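Shown below, as structure tokens, is a lone chain in the form predicted on its own; questions about how it binds or moves come after it.
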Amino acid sequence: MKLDPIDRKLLNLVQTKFPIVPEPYRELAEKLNITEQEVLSRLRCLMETDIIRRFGGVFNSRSLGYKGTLCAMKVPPERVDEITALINNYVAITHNYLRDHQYNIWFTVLTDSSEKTADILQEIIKKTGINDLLNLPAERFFKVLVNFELDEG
């Protein structure tokens, strides 16, 4: 998909300057000199063509009292789809991905207590029968903000 200048400006705005107001799409439309419906149509098109993979707020979970951990499991290749589906059923699992490594399924858990995290991990072990699960809580926290500034050319 070729991005026109309005798409580029819209992408720049929604990355870091999304208005936190009752009618954010109307405000974006005013900044771009287009209609609110056109803003929504353009965003829908950008999502359907995978220019935008995710559209939503990003919260500082630690400030909200949540704790996250990275986990890894050794899963037999023939069980990867089954185990992945099971893991993905947990609301507290925020990411889940396959790696080419002896620990081949990696996922993150985000809960409001270490006890809840431990309960989820024990439940996954019990349901899967796989005891080889690493729990790797962060010792230091790093957050990298990536913003793709799109010029009009």
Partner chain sequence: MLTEQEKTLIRELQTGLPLSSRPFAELGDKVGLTEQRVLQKIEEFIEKGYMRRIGAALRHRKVGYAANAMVVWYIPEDQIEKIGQQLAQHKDITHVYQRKYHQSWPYNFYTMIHRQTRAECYHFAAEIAAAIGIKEYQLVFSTKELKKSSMHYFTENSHNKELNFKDRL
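What you see is a predicted model; the values in this text were computed from it and never measured. Positions refer to the first chain, counted from 1.
Below, we turn to the form predicted in complex with its partner chain, even though it does not appear here.
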Its partner chain contact at residue 101 in the predicted complex, heavy atom, 4.5 Å | yes
Hey, in the predicted complex, is residue 126 touching its partner chain, heavy atoms inside 4.5 Å?
-> no
Considering only heavy atoms, tell me if residue 29 and its partner chain come within 4.5 Å of each other in the predicted complex.
-> no
Within a 4.5 Å heavy atom cut-off, is residue 119 in contact with its partner chain in the predicted complex?
-> no
Looking at its partner chain in the predicted complex, which residues in 32-53 have at least one heavy atom within 4.5 Å of it?
-> 36, 40, 43, 44, 47, 48, 49, 50, 51, 52, 53
